[in-house]
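As structure tokens, one chain now follows by itself in the form predicted alone.
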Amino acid sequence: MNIKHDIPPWFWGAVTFFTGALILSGYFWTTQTQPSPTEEPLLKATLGVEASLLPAAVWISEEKGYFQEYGLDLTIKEFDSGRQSLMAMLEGNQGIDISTVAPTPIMLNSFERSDFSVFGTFVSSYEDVKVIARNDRVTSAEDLRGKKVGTPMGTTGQFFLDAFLTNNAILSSEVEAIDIAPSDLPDALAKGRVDAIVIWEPHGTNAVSLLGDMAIRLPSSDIYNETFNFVSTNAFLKSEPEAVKRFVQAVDAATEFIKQHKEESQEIVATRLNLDTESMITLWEEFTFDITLEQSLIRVLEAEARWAINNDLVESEQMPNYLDYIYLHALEEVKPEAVTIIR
């Protein structure tokens, strides 16, 4: 007996239809119950960031949409310095969840509180912090004796100034250090309120532009390797670990973009900071962009802590344990090979 002849022809069409329907329903059920990362709800966070070249990876992430791509609804608030950004986060009155900051403000605040942690270093430079002077008053480091030097106190500028003076056998007491906000330093130098300034980019370039032929940069490239770091409160790190992880993923994607697309990255950051592209190209080579957590960060914090204690900038004579100020989990999940801190 031929079975196919005993089954009506419409039967096979019905089988095909219902089989297809089952496959489609299974597909839709799977996609609805297992959403892709882009379909997951965006997690909210607010970043306090210094408006400078250092956070280039932040500006790239913003422009290329990496924060949103990795599931983060990020609000960015700009500050004149990393110290201001950090203090806004610690004071808790501006809704800042993450701050960009150099080691000096981290170190100074570590003597007063322990409710924050570093979760990534994302750029380093031996050239970013500069000593720029008026050449009608200063032509060498030795000429700084008896002169006025402007820098933002409580920042890397203050530490760098002392390191620069020590490196040139000049006592801190032989120089009058004046506390001036970063964005005001170029004008203060141009108008002669100070004889020299210690500052970072883009303010250094702005100062040179204002002074023109009267500007001189004093050699200092071998004194200090500045880093810029992501810091958050321990409360946020504990309550929003997934948001922190997504933030690290976005910044890591931006640093990879910087390495592969240098010229486009330069244009993006130049536009964001209102700098001409030629200046940006010149400055760019001064920076190393990568997200890490290295043992050298601990050594820098300890060295700066000893400096603060020896100069009576802090009340305590006991150095904090900086391992207690490091949050490893986010970077260990995203890029474990970038973590070299030993616990």
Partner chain sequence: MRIQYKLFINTLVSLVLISFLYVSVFTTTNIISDQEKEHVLASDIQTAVFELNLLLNEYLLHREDRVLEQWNTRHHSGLLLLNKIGTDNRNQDFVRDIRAEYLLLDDLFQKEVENYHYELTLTEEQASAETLGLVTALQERIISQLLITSQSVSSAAQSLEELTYEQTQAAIEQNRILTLLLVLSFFVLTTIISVIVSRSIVKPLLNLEKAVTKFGKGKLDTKIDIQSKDEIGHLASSFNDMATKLEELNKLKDDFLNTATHELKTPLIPIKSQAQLLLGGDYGKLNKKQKNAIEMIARNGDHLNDLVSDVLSITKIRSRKIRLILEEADLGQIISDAVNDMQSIARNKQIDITLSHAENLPLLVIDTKRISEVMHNLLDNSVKFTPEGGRVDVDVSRTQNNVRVTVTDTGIGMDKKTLKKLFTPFFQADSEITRRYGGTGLGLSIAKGFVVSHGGKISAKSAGLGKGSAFTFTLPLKKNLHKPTK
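Predicted model, so just to flag it, every value in this text is computed and none were measured. Residue numbers count along the first chain shown, from 1.
Although not depicted, the form predicted in complex with its partner chain is the subject of the following passage.
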Open item on the list: Does any part of residue 302 reach within 4.5 Å of its partner chain in the model of the complex? Heavy atoms only, please.
Closed with: yes
Task: Contact flag, residue 310 vs its partner chain in the model of the complex, heavy atom cut 4.5 Å - done: no
TODO: Verify the contact flag for residue 298: yes if a non-hydrogen atom of it lies within 4.5 Å of a non-hydrogen atom of its partner chain in the model of the complex, no if not.
DONE: yes
Open item on the list: I'd like to know if residue 341 sits close to its partner chain in the model of the complex, meaning any non-hydrogen atom pair within 4.5 angstroms.
Closed with: yes
Open item on the list: Let me test this: is every residue among 306, 319 and 323 within 4.5 Å of its partner chain in the model of the complex, going by heavy atom positions?
Closed with: yes
Task: Which of 290 to 298, 272 to 280, 47 to 55, 66 to 74 sits within 4.5 Å of its partner chain in the model of the complex, heavy atom basis - done: 290 to 298
